[in-house]
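Single chain ahead, written as structure tokens, the form predicted alone.
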Amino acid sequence: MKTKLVVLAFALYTTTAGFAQKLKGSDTVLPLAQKEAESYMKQNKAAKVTVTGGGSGVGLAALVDGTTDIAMSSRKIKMAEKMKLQDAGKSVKETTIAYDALAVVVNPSNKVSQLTREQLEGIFTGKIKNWKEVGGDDLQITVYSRETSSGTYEFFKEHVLNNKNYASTVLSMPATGAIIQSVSQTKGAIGYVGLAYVEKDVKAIKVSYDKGKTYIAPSMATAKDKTYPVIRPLYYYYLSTVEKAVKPFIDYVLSADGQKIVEEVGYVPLSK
């Protein structure tokens, strides 16, 4: 089940007995966390869970300064973030909650339907500026990216661009929904989003990581069998001091019911 995801912040409130949990961070994880929280609170009437986005870096910064209980992240915690927590006498725990296929999307009118990793690197670093250079129309490429606080931005830079810098002409978007909207409205546009965000208003392209020998489209099936090359884990980070309080919710996310929601929302469940 895939729905149009335009909500960037979400809060759920019920009467609470005990710990009120706050989740903050990755916009990729956001729609999944929303659904998990909603389902969890239906089963646990005394629970209160609040979920907001902002990016992986924002969530981890909130964990450092004590304004969230769980940081949602689409990337690994950085050493600098770990050091800040250690300096504050805090110990952090990591849980993988699901996997995500990172889809490259273009405007549906674009006749280009497949690109190699090298071509993607050229496009996002500014070496390739026109679609005719990769088999498309004579049309300037408009590149959209997430902003630097996004874990998706970091993951794409590391795993697709081979740690090369984005071009200065790349347009930074504050949230994934903004990328979908911009690509859908701009004929020469390209961007990247989590699999759950892919919808009919954009076209997901096939990607090759073997220099053009095989091209694989992002889908639940290719993500599950790991034939699609751009797969990443999604994380919850929390402090060991609140482990007992957050564990019931995290256990629910990892349960069969929770992992069923993972797939329903459009992410890849953990293999059991």
Partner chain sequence: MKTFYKKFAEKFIEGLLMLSGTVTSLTVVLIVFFLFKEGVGVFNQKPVEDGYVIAVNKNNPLDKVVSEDIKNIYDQKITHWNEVGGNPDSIILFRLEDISNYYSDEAIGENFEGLAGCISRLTDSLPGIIAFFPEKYLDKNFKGKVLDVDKISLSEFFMGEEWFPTAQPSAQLGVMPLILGTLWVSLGAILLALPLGLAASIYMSEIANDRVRSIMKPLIELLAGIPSVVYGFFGLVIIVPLIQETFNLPVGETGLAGSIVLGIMALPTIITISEDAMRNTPRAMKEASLALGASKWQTIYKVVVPYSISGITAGAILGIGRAIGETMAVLMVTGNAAVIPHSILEPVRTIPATIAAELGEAPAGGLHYKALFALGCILFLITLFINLSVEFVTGRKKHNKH
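We call the rigid core the largest set of C-alpha positions that still match within 1.5 Å between the two forms. Residue numbers count along the first chain shown, from 1. Remember, predicted model here, so these are calculated numbers, not experimental data.
Not on display, but discussed next: the form predicted together with its partner chain.
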Answer for Gly136 alone: is it within 4.5 Å of its partner chain in the predicted complex, judged on heavy atom distances? no
Looking in the predicted complex, any heavy atom of Lys84 within 4.5 Å of its partner chain? yes
Though only this chain appears here, would Ala88 touch its partner chain in the predicted complex if you measure heavy atom gaps against 4.5 Å? no
Is Leu171 close enough to touch its partner chain in the predicted complex, meaning at least one heavy atom pair within 4.5 Å? yes
In terms of non-hydrogen atoms within 4.5 angstroms, which of the given stretches 110 to 118, 195 to 203, 91 to 99, 182 to 190 touches its partner chain in the predicted complex? 182 to 190
Answer key: of Ala178, Val160, Ile128, Ala103, within 4.5 Å of its partner chain in the predicted complex (heavy atoms) is Ala178
Stretch 40 to 60 - residues with a heavy atom within 4.5 Å of its partner chain in the predicted complex: Gly54, Gly55, Ser56, Gly57, Val58
Just checking, between this form and the one not shown and with the core aligned, does Asp65 shift 2 Å or more at the CA? yes
